[in-house]
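Only one chain is included here, represented as structure tokens and corresponding to the form predicted alone.
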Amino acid sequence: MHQLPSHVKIIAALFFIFVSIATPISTWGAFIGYLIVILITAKVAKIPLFTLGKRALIEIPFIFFAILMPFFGKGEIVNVGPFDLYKDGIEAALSIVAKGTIGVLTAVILSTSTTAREILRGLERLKLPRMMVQIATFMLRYVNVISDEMERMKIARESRGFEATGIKHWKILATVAASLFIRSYERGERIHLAMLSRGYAGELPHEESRHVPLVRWAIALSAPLVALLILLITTGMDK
């Protein structure tokens, strides 16, 4: 999993997500099958289930939103204890939770088994606009530099006795932010000129081969193909 080309993994992940999105929410057996495929893939990639679940917590705000959906809507009303819930809202909420969870877990496996640099390289090979890839690449590469610059400026302020305690210090903080922007811009100009002087022509050098063996394509696409097979089987059973 970790050695597969990044663009192949991106295609496989998108394919898997598209299959889950195309699955009717009434076909619960399919979603259980998708979850099993995800867990098997995580096991093959040697991703601990704790790590998988911890990184999937980013979905919590969407779950809270889905919980509210059954209370708003129109059409048939279902009595669940003391609550009157709309059937369409319940189905929409279940759809968001099920499909969102599958999508988030798939993205977590992709990001855990692929470095950020490899993902950007994969997007470049998938013909994403070159300018967008360049901006993302430089942001990823120099975000730590800017963070270190902010930390040094913070230490310099505190060594002079400055401590932001209220709105009266906003003007000073705005000046600091402007200074940080100017420093970052100037450093970016210097880095860009240095790269041009070394032959940079809009694409970062790389050593990986352009040719991907069919075996690697088969390994990467096995999960989405199994998901598609599950969808066809469960849909056929429902009919």
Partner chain sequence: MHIPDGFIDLPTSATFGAIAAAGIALSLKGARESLDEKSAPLAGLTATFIFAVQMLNFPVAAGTSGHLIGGALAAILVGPYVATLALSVVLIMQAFLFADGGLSALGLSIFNMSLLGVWVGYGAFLTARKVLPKQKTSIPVAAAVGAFISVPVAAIGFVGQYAIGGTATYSVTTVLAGMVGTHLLIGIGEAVITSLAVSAVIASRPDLVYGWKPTTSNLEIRKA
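Positions refer to the first chain, counted from 1. Computed from a predicted model, the values in this text were never measured in an experiment. Basically, rigid core = biggest C-alpha set you can superpose within 1.5 Å across the two forms.
Absent from the display: the form predicted in complex with its partner chain. The rest refers to it.
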Sort through V44, I32, L49, A174 and report the residue having a heavy atom within 4.5 Å of its partner chain in the predicted bound form. A174
Residue-level question: is S113 within 4.5 Å of its partner chain in the predicted bound form, judged on heavy atoms? no
Considering only heavy atoms, tell me if A201 and its partner chain come within 4.5 Å of each other in the predicted bound form. yes
Given that the partner is absent here, does V78 sit within 4.5 Å of its partner chain in the predicted bound form, heavy atoms only? no
Given that its partner chain is not shown alongside this chain, does F72 nevertheless sit within 4.5 Å of it in the predicted bound form, heavy atom to heavy atom? yes
Using a 4.5 Å cut-off on heavy atoms, what residues in 163 to 189 are near its partner chain in the predicted bound form? A164, T165, G166, I167, W170, K171, L173, A174, T175, V176, A177, A178, L180, F181, I182, S184, Y185, E186, R187, G188, E189
Does I182 count as moved between the shown form and the other one, where moved means a C-alpha shift of 2 angstroms or more after fitting the rigid core? yes
Is the shift of R125 between the shown form and the other one large enough to count as movement, that is, does its C-alpha move by 2 Å or more after the core is superposed? no
Rigid core fit then I155 CA moved by 2 Å or more between the shown form and the other one: yes
